[in-house]
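Take a look at this single chain in structure tokens; it is the form predicted alone.
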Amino acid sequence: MVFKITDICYSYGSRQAIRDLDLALEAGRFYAVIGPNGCGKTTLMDLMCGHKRPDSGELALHGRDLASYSKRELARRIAVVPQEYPVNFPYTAREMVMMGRYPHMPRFSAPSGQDFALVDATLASCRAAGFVDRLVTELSGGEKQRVVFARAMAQQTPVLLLDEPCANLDIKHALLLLELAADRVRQHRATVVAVMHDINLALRYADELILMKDGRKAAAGPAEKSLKPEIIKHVFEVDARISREPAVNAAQVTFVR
């Protein structure tokens, strides 16, 4: 078991964002977290990467309380692509991605030739090699998103947390980055947990869905089995039809008025 989440709760003052949430996440699986705005998806990501601590309940990573890990230990196990990543210092794209290698370097040491080779290969895989020496502060939103994603991939962790990884991306690059995440699952048995708003992309790439509503788990399980029209109606308050699309070998949703 990679993550074992038991009865966790979290509040912002008097507003409860996560309510009695239970999850069990395993290696070699791609999980998509979906739900309406304000349902607690990003808060869940913040709890899972250690940026926040639950008010109650238990959150364990590889059988150990998440709070017991040092920051360096967590950085070797969990890489994060946050919903927002403000950058005010003029790092180059290569320097930004190299930050993903720091948890693996001895203290006070410089990056090795292997680190540089890995960083450049990762930038290339994210179709970001063309601006490797450009300043991140001068990149477009989509270009910066690809650099931030490359930074997480270069970290080479067994867990990858993605909070709206396709924000600011055109469909070509959204598909590219989701394919890279799915490859990490297939080839390295990584655990990917991605907050996604596009239900059809979630169905295309995720092995399992976690549907949230009002801070609670509304449904969870294998993607095509857990998503039903009645669940979509309950969670999103819209009517939908679900059919299988042979072109992508996955179920797809059509919303109806």
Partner chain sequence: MSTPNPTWQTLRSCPLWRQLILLAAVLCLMVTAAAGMGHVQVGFFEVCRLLTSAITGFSDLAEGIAPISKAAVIEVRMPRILSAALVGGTLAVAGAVYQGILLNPLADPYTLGVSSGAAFGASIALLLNVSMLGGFSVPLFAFVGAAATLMVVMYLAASAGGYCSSNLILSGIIVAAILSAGISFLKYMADERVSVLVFWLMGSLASKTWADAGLLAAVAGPGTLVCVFFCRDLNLMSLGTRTAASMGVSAHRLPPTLLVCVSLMAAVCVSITGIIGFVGLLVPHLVRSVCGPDHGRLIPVSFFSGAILLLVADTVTRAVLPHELPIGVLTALLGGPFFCYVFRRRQMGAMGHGF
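Please read these numbers as outputs of a predicted model, since none were measured by experiment. Numbering follows the first chain given and starts at 1.
Keep in mind that the form predicted in complex with the partner chain is missing from the display, and what follows is about it.
Check your understanding: Of A129, M105, L175, A167, which one comes within 4.5 Å of the partner chain in the predicted complex, counting heavy atoms only?
Key -> Exactly one listed residue reaches within 4.5 Å, namely M105.
Check your understanding: Any chance N88, P111 and Q155 all have a heavy atom within 4.5 Å of the partner chain in the predicted complex?
Key -> The answer is yes; N88, P111 and Q155 each reach the partner chain.
Review point. Okay, which stretch from 117-125, 167-175, 131-139, 181-189 lines the partner chain in the predicted complex, with non-hydrogen atoms inside 4.5 Å?
Key: Comparing against the partner chain in the predicted complex, the contact stretch is 131-139.
Review point. Does E208 reach the partner chain in the predicted complex if we count a contact as any heavy atom within 4.5 Å?
Key: Because no heavy atom of E208 falls inside 4.5 Å of the partner chain in the predicted complex, the answer is no.
Practice item. May I ask you to state whether V80 is within 4.5 Å of the partner chain in the predicted complex, using heavy atom distances? Key: Taking the distances in the predicted complex, the answer for V80 is yes, it comes within 4.5 Å of the partner chain.
Point to revise | Contact label in the predicted complex: R151 to the partner chain, heavy atom within 4.5 Å | key: Residue-level check for R151: yes, a contact with the partner chain.
Point to revise | Partner contact for D198 in the predicted complex: the partner chain, 4.5 angstroms, heavy atom | key: Looking in the predicted complex, residue contacts with the partner chain do not include D198, since no heavy atom lies within 4.5 Å.
**Study point:** Those residues of 58-72 which, in the predicted complex, come within 4.5 Å of the partner chain by heavy atom
**Key:** In sequence order, K71, R72 come within 4.5 Å of the partner.
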